[in-house]
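First structure 1, then structure 2: two forms of the same chain, each alone, as structure tokens.
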Structure 1
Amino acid sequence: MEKSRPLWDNPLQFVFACISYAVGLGNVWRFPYLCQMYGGGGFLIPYFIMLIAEGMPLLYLELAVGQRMRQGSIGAWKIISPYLCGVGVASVIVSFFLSMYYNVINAWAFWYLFHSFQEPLPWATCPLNSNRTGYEEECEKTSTTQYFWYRQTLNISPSLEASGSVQWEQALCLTLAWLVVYLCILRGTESTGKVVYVTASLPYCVLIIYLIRGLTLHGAVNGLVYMFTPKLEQLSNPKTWISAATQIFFSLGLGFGSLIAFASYNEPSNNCERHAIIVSLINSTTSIFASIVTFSIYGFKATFNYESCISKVILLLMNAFDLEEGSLTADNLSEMKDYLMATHPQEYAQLSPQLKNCSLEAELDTAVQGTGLAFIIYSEAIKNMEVPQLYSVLYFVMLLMLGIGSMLGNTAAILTPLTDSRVIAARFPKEVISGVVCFINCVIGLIFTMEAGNYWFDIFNDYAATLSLLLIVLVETIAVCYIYGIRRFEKDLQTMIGRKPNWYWKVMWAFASPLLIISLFIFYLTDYILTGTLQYQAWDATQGQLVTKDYPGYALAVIGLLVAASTMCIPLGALVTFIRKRLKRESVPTVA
């Protein structure tokens, strides 16, 4: 059976597959946000400490397990111990949940890409109202980019309870996204191995173009100074360290079973230690690189908004007090406001509510992550660039490559255990198994294209994987070190790569990494308990902004099921194995 197992064409193909999977949207829209929130350049200190203490060791462990056992997640952990079969099942379920909603991001990227060829860009101006006498009221109350996202893309409902109907444009984009994924995974490593060269390398080409363009934008320096100025006082904040550890953990894609699946197609003698170091360093370097690009564009956007605000205030004051043109500038604005307030107190007091307090620092302090950064902040910056259509196309092609690359890993985590199963593989060809998995995911994913779909997206994004993955990886490390045995694992590694792991790897596997995971698990569990009633951000069209609402009872039930569906597999798998062994022992006839 082992001889017939498909293999990567070469080690480079495997590395590209891991990079394509690990380097995803989180590097672009999550890491810059964490830098902004937790000390700018100072955040890199806990980030790299967590990379050394948690990221590299756990990545190496998963790659080594996959390469040694030459099975997907279910088969690999079953070989280590029959009682651990539930660990692999839990990984498959988490990957299934992730695939259900993650490809919706690719659908949105397709939607924006198709609209990027218009002149002007559809999110650059507000549409006219039905009477064609003015602009849409909702758009005037918010920004053009927010209106395009919440109304024209999502057509979002006011709450989770108002589910609405499926948006057929988004449903078509989702179908297209799943069709692309299916074509990429159609023949397993044979087709995936070719695709990863594009999905892993093209985003870097786009980021380099954006870096060159970003550094030449007016105000880019403001963003970069803001990013690289370390706020070392944040190092005393426990959330800084928790956020660094969490980012490393989820960015590398640990616990999903994707890395085990990819490594199972390696030659047994492949140097997985070297590849673990390469992939983790490239992943972290990409996060920093993407942050430089993001903050240069963020600086441009903040400076543009700040200068627009100043211009509006100057125009308002000049018209109200009939000042000479050129007498009021950005440099003397503060002094002139004080002078006008002293000489014309009544007129100034009437005008005061309309005068905004313009601040570049406040613009830079506005922290946005996730879809808000990817589809609102970036599109707002793009619309103000020269030749915005070109940069829009490049940006959304990059998002697609990052999203599809991650989807290849997510689907591999589901498909590899299925194709490893003799019962399934003997009855159905690989193309049919892949097609069924994609079809089921696509049909269920239509939930996220409804008017309330974005709220369900947030539920899955926030709760489907967090606690589950921490528990899965904790059990993995304990299983390898204390059930399989670290000395036995050492011998396996010596057989594969020609040398035993040094003290660093063993200390991290046996002590440091498990303690870190337990700390994260306790933090998240405590945070959920202390939060009380779980809440979400809903779009209020009448105000043109997000408002906080409590999750309804059935949504809380779904959240509970999402967490329980995967985590309960671990004890249930052990229990079922124990019962089977007990029944088998009792059924064996005793010899008199």
Structure 2
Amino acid sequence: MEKSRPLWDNPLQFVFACISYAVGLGNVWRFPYLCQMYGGGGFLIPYFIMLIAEGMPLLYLELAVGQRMRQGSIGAWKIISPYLCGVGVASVIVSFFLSMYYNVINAWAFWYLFHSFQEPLPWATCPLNSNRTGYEEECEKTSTTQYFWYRQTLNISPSLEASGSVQWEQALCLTLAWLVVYLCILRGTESTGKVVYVTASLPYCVLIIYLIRGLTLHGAVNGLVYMFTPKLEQLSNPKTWISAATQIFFSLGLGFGSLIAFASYNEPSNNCERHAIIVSLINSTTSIFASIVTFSIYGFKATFNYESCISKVILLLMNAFDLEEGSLTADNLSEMKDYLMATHPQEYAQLSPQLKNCSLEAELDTAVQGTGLAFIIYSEAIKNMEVPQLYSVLYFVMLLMLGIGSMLGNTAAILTPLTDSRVIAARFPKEVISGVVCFINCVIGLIFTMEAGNYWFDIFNDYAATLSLLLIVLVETIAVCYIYGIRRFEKDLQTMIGRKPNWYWKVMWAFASPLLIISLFIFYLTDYILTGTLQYQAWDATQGQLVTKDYPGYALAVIGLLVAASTMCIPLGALVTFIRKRLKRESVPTVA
């Protein structure tokens, strides 16, 4: 009796799983930054063009391959062509790298979540120094939220070389994060299918709550107006188009093998074309939705900081010139400054280095992305809201849901090929295989909980997946269109869905998407070559800000290894298959 492949209980679970995987932290912390840098509302134009040109076609391709072949990435590409087993292996290796470092973000989200149950929030005030006469020096130089992130969460070392020790608090949170992931993938699609209902829908509830709260905050409109006014001149900047293409590409999570894994658990007659369109549209809409929330938070924070700056200047002037309270307000500040400059020139000159020019534009201009946006900027905005504990808990639960949803996809990409291979699956039940994978990842992930861990995190985040994925997806597209043959693929789709793909899909698969990926690839390579030495941002505790440093030699070696480990699999796989076929041909005697 043949053991049937586990299936999703209904197509909705599959769609939710894909949405949960694709809608991740990148939608929240990368898209708003790109929108701000590359022309505000105008960025949506290249974004949607790229969605249509590469996002939807490539997503449909991966889902169709997975659904047709009904195997994980290694098995699926082997069926397409035996020389392409390296592509599947490369996907698994990239997913492995990703799951190693991605769960650390969940650990940080847990840390902040557990610390949200205090009054006041721990990132709202600076801790006192040793003789209790003032605040900690490092905290004074920078802001309370930055201090909490860099010192109390990461306990970051001044450079990559100074590794420091493993932070036991972070290690505990990382272990918990892996236990949560294990709980969700323990029973395969049975458990994953139920979990994705929560991980896909809860972030939207929180985003809606934050949208309502964000739009009613004082100063939110400043942020929205500033960010969304289109700066159409940015459209002529090639970086805009490249960033749009990159964002669509990485946001959908193509090339990791997760989409193939999810689709392989589908019924063969599932309408993956419709699902591909739905998932990609929902992903892009969520990005825009999240950036509205982010911009209103930015506006609130910028207005708050601007008004504090003005109050500080007023206080300084009042104290220096012993003016009556209430005589200086935000409205008459500039006139009073001129008046004071005229009447007391010497004292004013002495005071002027301390008088900062407060500007709302300058506050709004600080563009942040990544962990900085998620953990520093948002927590800064939250501490100034009413009932900050509630909003803090909601926000970090949302980050957790987004992160765990993406982790489910990553681990599915690693586990599906393993459970498909009869060598391993026959001997060990899937609980044991999942457990071993989670355990290995957790132990390796302890590197990122060391004092220099955040620098290694940045290395993995920037280099582990970028080039390799572009190459993998390029090979995938070319393989399906030209090696497997687009007519054969058309027929397969017709068998599955009931109709052939129309000319839009075929044109995109055969020409547009590969061309786009090749141009992205060339751009990245030239960018790396032209920059020369790679640099990173290190936290300087004495100054209270980030400084740029060069990577040491061994870090560059690790970067090279990360990229090579996955990209080399593709030619190596083809080579190994070729050699194996040659050997088989030679060993089998020719039948007369």
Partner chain sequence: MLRVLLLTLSVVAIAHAELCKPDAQNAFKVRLSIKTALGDNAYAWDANEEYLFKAMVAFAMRRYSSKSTTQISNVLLCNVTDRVSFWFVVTDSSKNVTTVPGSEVEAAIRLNRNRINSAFLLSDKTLQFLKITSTLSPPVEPSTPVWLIVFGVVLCLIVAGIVFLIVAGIQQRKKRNKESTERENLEEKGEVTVTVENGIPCEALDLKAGHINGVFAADDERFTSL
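These numbers were taken from a predicted model, which means no experiment stands behind them. Each residue is numbered by where it sits in the sequence of structure 1, with counting from 1. We call the rigid core the largest set of C-alpha positions that still match within 1.5 Å between the two forms.
The chain appears twice here, and it is structure 1 that represents the form predicted alone.
In the core-superposed comparison between structures 1 and 2, Glu119 has its Cα shifted by less than 2 Å. For Arg187, a C-alpha deviation below 2 angstroms is recorded between structures 1 and 2 after rigid-core alignment. After superposition on the rigid core, the Cα atom of Ile212 is displaced by less than 2 Å between structures 1 and 2.
Taking the core as the fixed frame between structures 1 and 2, we note the C-alpha of Met341 moving 3.0 angstrom.
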